[in-house]
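Encoded as structure tokens, the following chain is the form predicted alone, with no partner shown.
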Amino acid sequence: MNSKSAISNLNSSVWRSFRTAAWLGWQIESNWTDPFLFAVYSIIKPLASAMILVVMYGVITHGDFASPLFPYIYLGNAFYIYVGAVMTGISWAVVDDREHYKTLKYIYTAPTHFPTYLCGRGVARFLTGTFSVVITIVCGILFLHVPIDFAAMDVPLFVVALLIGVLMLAMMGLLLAGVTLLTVHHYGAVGEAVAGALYLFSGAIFPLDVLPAFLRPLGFLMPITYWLELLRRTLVGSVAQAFPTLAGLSNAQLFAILLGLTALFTALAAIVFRWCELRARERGLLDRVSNY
């Protein structure tokens, strides 16, 4: 009975920590301006980013938007928005609470589950990222004729792959949050920096085959590579499977690899975060402000 009560209390603490952190994160992300301006900003930002890619593609290919390469890179770029949003949302919460609001030590000592709290703080970025992804894809369909056939779309695989991918990104964000506990304010953008670096090694905008041979293994070790490929296949299967890098793998194989790498990164994140957390406590870094 005591064991059941302890588990129940832990589950209640985890859910309370996540719910409260998600609400707090949304207040911080959305309260910097009035709702109308926030909505305009949320629409213009992803479209501006997508248009830069479209213009670059048009110049390089002389306007060959009928090529299968275009939906491949367009959808990869659209879903990659989640990578920066989730990873940065979780890791930046450490800097925000420690350096800006100076409340990290109080949150840490409160009856909350700290890793869950950090993941909850990333929910706001996930929601704004989802809005950006939807806007980007809808505009691609309406104005750029990205060939998404909703009748042929594999909805169950898309939903499951998307959720597993978000979990995987959350674990990578938690890993970076642990590293951020040990660093100063100057490295607060570590989430964006890592997301920017992985942009080249995940097949987001071009197949991994175009990378030098010695760099390709990095792409194959990243779960983001298989996640983006699965999402593309669920939306534009014939186009996504036309590229040679992962063409030899079935959807079931891609899904199994994604699950395996997600489990691996989850274990790695738990170990790294726990070690960084202990080091931060020993060195008194939980309340040390470094934004001089």
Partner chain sequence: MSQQFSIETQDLGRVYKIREGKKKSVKTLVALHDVNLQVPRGELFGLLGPNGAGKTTLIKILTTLLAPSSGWARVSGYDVVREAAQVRPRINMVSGGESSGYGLLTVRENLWMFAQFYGIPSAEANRRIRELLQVVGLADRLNTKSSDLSTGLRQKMNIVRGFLTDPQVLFLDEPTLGLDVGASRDVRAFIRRWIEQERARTVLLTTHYMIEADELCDRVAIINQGRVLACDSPANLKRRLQREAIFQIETSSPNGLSARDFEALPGVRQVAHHPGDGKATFEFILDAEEVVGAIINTMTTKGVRLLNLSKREPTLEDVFVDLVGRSMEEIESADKEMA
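Here the structure is a predicted model, which is why all the values come from computation and not from measurement. Numbering follows the first chain given and starts at 1.
One more form of this protein exists, namely the form predicted in complex with the partner chain; it is left out here, but the text below deals with it.
The stretch in contact with the partner chain in the model of the complex, judged by heavy atoms within 4.5 Å, is 101 to 109, chosen from 198 to 206, 101 to 109, 169 to 177, 153 to 161.
Residue I28 is the only one of L249, L69, I43, I28 with a heavy atom lying within 4.5 Å of the partner chain in the model of the complex. None of the heavy atoms of V272 is located within 4.5 Å of the partner chain in the model of the complex. In the model of the complex, no heavy atom of L268 sits within 4.5 Å of the partner chain. Among residues of the shown chain, Y117 is one whose heavy atoms approach the partner chain to within 4.5 Å in the model of the complex.
In the model of the complex, just one residue of 67 to 98 lies within 4.5 Å of the partner chain by at least one heavy atom: D97.
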